[in-house]
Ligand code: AHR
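Shown here is one chain on its own, the form predicted alone, set out as structure tokens.
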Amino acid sequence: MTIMRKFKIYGLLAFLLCGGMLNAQQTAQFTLDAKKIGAPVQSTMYGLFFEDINFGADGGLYAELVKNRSFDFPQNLMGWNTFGNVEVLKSNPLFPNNPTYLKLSTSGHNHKHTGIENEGFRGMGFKKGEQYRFSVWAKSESDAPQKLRINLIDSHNEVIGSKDLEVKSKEWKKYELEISPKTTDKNGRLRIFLASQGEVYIEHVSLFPVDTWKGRNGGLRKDLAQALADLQPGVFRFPGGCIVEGTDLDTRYDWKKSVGAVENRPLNENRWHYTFTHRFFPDYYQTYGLGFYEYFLLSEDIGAEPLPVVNVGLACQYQNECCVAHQPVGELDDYIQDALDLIEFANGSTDTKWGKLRAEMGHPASFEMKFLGIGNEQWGEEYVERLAAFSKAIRAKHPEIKLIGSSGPSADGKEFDYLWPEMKRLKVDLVDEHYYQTPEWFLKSATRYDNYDRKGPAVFAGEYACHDHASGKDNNFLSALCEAAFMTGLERNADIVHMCTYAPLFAHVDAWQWKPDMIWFDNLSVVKTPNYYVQQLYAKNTGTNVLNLTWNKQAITGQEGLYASAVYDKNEKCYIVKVVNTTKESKAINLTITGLRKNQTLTIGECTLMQNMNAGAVNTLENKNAVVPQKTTATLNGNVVAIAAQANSFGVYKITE
């Protein structure tokens, strides 16, 4: 071997050695302490928040296809076209809370037809071969049966389904039939002809798919409810949101009006239909068809703890600067009684007034409600003094109920700083924090709860979402990735953070007022956003206890663009590590698991990755799978797990015992 060749070999060895040392230096060395099992992770940790915004209830989750079905919108025929001889009547109503009904009469000419046509919620979604249940309350004025012809119409004005219905009584009766369309159309309509010579009175015209969630008559839209169930939520907060407050107290969400016979639940103004002039929807109301009974039932269906929110005597403070819009502190008795009656409705025995109503509606057993929110996004002294009155009354009668107070509309600032000490003084169980912030804020705030006071109330992150203003606040992968990074901080601090819920939940692609939103839909289909999948991965991998995961003895909160947290699952006997890489370069990670039992063996379990180099990537109705979780893996050598954290990625890694 020549001297020159020796120098070349030594040089190559030196290069490889230095390269190896460099790679070792670039590999992040994570340490997971398996011996010290940390604070419990609450079963309610990851959940859902629902508000009737963006046509989320009527026109969305509530499967009713007819808009203004009882003709009680302020413009009685909004949503309806009429032809022939149609009268709007209110005298001697069948349903006192919905007094308007129609009279269809012969036009007096054989070729002039009388009838009505409903446009639905930006159309009606019909699926070929599916069954749709039409129902109507009707009566006639003659002894001879009268006939109504029920037509399903497609977007080209073609009849795609038709049946006749006979009205046989002079007394009000409910009539039903089922129709199956011969084609699919997402923008159909319902048309009703008077097909006989006479008069027919009609009220509460309804059309539902037969195939609803759990097969319930007049129930929920199946695909949207299933999307909620697939999230495996631990808690379900409802019915809002700002609609709890109303623009004024007359239009606040009143839970007592949302229970009982659906035909007699009164219409309520939706405070979102006129809030944004650039997204103005004057035809957006609340029928209360999706009411508190249905909310409790859905919570039970999806395995989530129900968390209703009640009005505290304050209208929306954003829209009402003057105190005259609010209920005086000395006149809160009815509002407080509403809260007490709600607890009775949810949990009371069937020999109580409200427990009996729950049983009559079909659920004799208690809903076992444990949480109650008092007010939504309130602030200032006016909130604190009202909350104190509610708290005193509820604590006296129901000490078992955990009360949730507000920290105001922002993540910090004057109102936030004032309210937290007041929440501690009033000894609420949880404080509801809201933050709609930029991607930068979410990344920076992964350490938000590291130094919170552990002696005070727990935290409920009741409304949050990353708003990427540069994209017009799209539900893009950047926003989801930043939320995933932020949520490592929620998980790491599960001893103080007991709940979190993304907001808002639903948005109709043709009728939305606010974005981003977790789930988008049209009249026939649904698209799950990248944000949805981040929430799902956390909820499906909640674990039971926090574990200490460090890098250089520090929590992993953005060093070199990496964020991470870990939990142990006592039920599955596994360690679950979540890693977010917010950089455009892949990161090598060696995860050393310490504190294992002698001779304990580990295996790599299920591993999942969300990754996309295009931070602006979104899922759409045309491309639902642009950003979805994929299977991945890691390698194991003894107690060291090698993870290749890809650029722009969120990974979940299970290591089983």
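These figures come from a predicted structure and were not determined experimentally. Numbers for residues come from their place in the sequence shown, where the first is 1.
Quick note: we don't show the form predicted together with the ligand, though the next part is all about it.
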query	finding
Proximity to the ligand in the model of the complex (heavy atom, within 4.5 Å), stretch among 152-160, 347-355, 167-175, 370-378	370-378
Contact label in the model of the complex: Gly543 to the ligand, heavy atom within 4.5 Å	no
Close approach of Tyr383 to the ligand in the model of the complex, 4.5 Å, heavy atom	no
Touches the ligand in the model of the complex: Phe460 (any heavy atom, 4.5 Å)	no
The ligand contact at Val627 in the model of the complex, heavy atom, 4.5 Å	no
Partner-contacting position among Gly313, Pro530, Pro504, Gly188 - heavy atom within 4.5 Å of the ligand in the model of the complex	Pro504
Among the candidates His273, His498, Lys587, His434, the residue which, in the model of the complex, approaches the ligand to within 4.5 Å (heavy atoms)	His434
Residues in 228-249 with any heavy atom within 4.5 Å of the ligand in the model of the complex	Gly241, Cys242
